[in-house]
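Here we start with a single chain on its own, the form predicted on its own, put down as structure tokens.
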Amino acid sequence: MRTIFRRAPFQRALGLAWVIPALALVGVFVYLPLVQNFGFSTLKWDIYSGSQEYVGLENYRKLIGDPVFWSSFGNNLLYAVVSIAFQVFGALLLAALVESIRSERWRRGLRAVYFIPSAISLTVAGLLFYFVYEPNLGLLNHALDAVGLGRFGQSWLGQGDTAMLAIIAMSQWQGFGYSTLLFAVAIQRIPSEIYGAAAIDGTGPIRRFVHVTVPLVREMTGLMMMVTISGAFQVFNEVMVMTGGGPDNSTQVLGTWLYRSGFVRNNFGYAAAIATVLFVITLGVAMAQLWVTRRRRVEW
């Protein structure tokens, strides 16, 4: 007994010896940059000349009065709403339809077909759709001409009222299959006995989806909501590849406006303030979603 008690402090120390290096790496490469970024946001910093001037919270006051910042935030918010509709609820519905097919061969084939776009990087997908949306030679306008709807053809990325929606449509195409596959895995984990009992009770497929599938995949739904919203506020590649934030800043999102403020307009302190706001938004969303998911955990 004494030997066991003597070993316990040694085992704890040995466990800390394994944990401390990982904590040190996380602290140096994650938490320290966060603190430094907040410090940068209190400066007026010319990154090319190296001159720095402490301005306190002036960058945050400028941010509140910046119309491009608010339009960028609105674009991120629109991106999040559309992504939730398609990549969470739409993907859940499609996954339920695929998993309801009796043929295993068809289920596997459809999962592969829907997942293929997700294997394409966002940069490549953005370039692909840039040419799809091209007003003169693009596939979309030619397809509209072919079905007699040529009057609706336009410069999809060249107009402020369609450019952001065109970018969002591309991103939904690229990410929809991945979300569908995750929901399919969650549905496969539901015991078949539950569906069998629901069928014996005379419930139809719609009621089984609403009263069995949806409640039992709520953990995956919560995870996908968190990932989708966080991803919507970290959008960067597709906007830079397809429009660069134009026309007339109509497709700027927080990530691209941060980049433009820091590396194009040489206002690094202001860019750091945008980064801080972006971090607070994503952290708040993640903490709220984790709290909700923990309270609604599914137990078999």
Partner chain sequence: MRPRALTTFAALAGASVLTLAGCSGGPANAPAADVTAEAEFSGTLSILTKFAGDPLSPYFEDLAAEYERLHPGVKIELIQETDQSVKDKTKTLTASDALPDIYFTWTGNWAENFVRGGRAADLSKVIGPDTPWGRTFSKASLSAFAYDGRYYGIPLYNNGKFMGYNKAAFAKAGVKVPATFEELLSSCPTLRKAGYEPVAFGNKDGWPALHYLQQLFAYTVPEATLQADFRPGTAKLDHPGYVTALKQFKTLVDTCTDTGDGTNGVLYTSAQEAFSRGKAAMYYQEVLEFDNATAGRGLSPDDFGIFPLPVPEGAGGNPKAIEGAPEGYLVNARSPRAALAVDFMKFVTGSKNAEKLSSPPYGQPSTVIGAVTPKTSSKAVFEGIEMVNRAPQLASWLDMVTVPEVADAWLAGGEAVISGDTAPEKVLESVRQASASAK
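Residue numbers count along the first chain shown, from 1. Throughout, rigid core stands for the largest set of C-alpha atoms superposing within 1.5 Å between the two forms. No experiment lies behind these values; they were computed from the predicted model shown.
Note that the form predicted together with the partner chain isn't included here; everything after this is about it.
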key: Every residue of L94, P205 and R208 near the partner chain in the model of the complex, heavy atom within 4.5 Å   = no
remark   = Of the candidate stretches 169-177, 111-119, 126-134, 221-229, the one with residues having heavy atoms within 4.5 Å of the partner chain in the model of the complex is 126-134
ask   = Can A186 be called a contact residue for the partner chain in the model of the complex at 4.5 Å between heavy atoms?
value = no
ask   = With the partner left out of view, is I64 within 4.5 angstroms of the partner chain in the model of the complex by any non-hydrogen atom?
value = no
ask   = Heavy atom to heavy atom, is Q159 within 4.5 Å of the partner chain in the model of the complex?
value = yes
message = Quick check on T243: any heavy atom within 4.5 Å of the partner chain in the model of the complex?
response = yes
request  = Between 244-272 and the partner chain in the model of the complex, list the residues on our side with a heavy atom within 4.5 Å.
outcome  = G246, P247, D248, N249, W257, Y259, R260, F263, V264, R265, N266
request  = Would you tell me if V280 moves between the shown form and the other one by 2 Å or more at its C-alpha, with the rigid core held superposed?
outcome  = no
